[in-house]
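There is one chain below, alone, in structure tokens, taken in the form predicted on its own.
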Amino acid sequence: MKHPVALAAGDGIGPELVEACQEVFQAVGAPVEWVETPVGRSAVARFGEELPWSSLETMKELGVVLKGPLIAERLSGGAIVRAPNGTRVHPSINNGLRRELDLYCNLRPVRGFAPVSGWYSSMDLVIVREVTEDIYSGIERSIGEDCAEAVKRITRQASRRIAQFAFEYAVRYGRRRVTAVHKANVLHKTDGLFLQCVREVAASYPGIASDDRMVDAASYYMVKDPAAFDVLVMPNQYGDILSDLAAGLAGSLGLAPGANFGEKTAMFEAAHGAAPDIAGKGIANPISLILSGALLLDHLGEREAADRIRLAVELVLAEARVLTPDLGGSATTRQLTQAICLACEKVAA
């Protein structure tokens, strides 16, 4: 029996990466049935809006989504959702998707790969990012022409929920430590509440070590000694920044998968953006979305297929013969995808 999965191809390089991911799924025989749910520019072309209610309804009904990267325009005024109970405006299309699907956790496992990650080849850490609040809530206002302010909102409920996710993840996947990232020495009320909540949850998990780092120190140690970290849990903005930093250390955003979890729905996506400047050139690295697809298969209970994909990616990168330009090679998206598909067959044999 096949698992129905909502598919949003995305913008820019999104359709190319989604096609690559589908080919790899086919190579490992992943039992998935794709259900098209357009959002972004393709949805504008068909429905006149970025986030059609019909697509959102299908995503909620199926509960599992694979999404290509979307273009979030700067200074656009946000993304509009026309729901049956009224119109809502979100800070960005990605923010809107997470809010409408009630997703609260962004998961970014980032690891290095020899030899492409160089000194960071042994890096293996997981960033757990709360995505419903913090400064990215988009609560802003202008005060005259020369001043603007934004609200940083942290709640006990959201902080405890994301901490619970981080510790449960550590238990499920045999991780050794959870580190809370914050700036509670300055933001005593907001980040202070977040840190307090993580410590409260940590007390229920005596088998998992726990500590905390201020975000600036965490950035320093991530570069200097990433082995100091295992699972990191943090508010929205810090997670956005540190997950990209970790991917840069690994060698490319094209190596970093991502997932978003809610109580009822999970959405899997590449860690990077839509890169419209290289769209259609056939040189985008598909690995980030392919590894996100492996996370999707984990979620569906198809662990064997997921592990085959991860092993195949590791084999291709270890050989370092078929690499896209972001990794220092000259291979096309198609060539790298084919190499991973062939490696999937070798792993099975």
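All residue numbers refer to positions in the sequence shown, first residue = 1. Keep in mind that this is a model prediction, so the values were computed, not measured.
What comes next is about the form predicted in complex with a small molecule, which does not appear here.
Only one of A284, I309, L297, V65 lies close to the small molecule in the predicted complex, with a heavy atom inside 4.5 Å, and it is A284. Checking R98, K183, H272, H90 for any heavy atom within 4.5 Å of the small molecule in the predicted complex turns up a single hit: H272.
Although the partner is absent here, I278 is a contact residue: one of its heavy atoms lies within 4.5 angstroms of the small molecule in the predicted complex. Not displayed here, the small molecule is approached by L70 to within 4.5 Å at the level of heavy atoms in the predicted complex. In the predicted complex, the small molecule sits within 4.5 Å of a heavy atom belonging to I13.
Using a 4.5 Å cutoff between non-hydrogen atoms, L253 counts as a contact of the small molecule in the predicted complex. Stretch 284-292 is the answer when you ask which of 56-64, 311-319, 36-44, 284-292 has residues with heavy atoms within 4.5 Å of the small molecule in the predicted complex.
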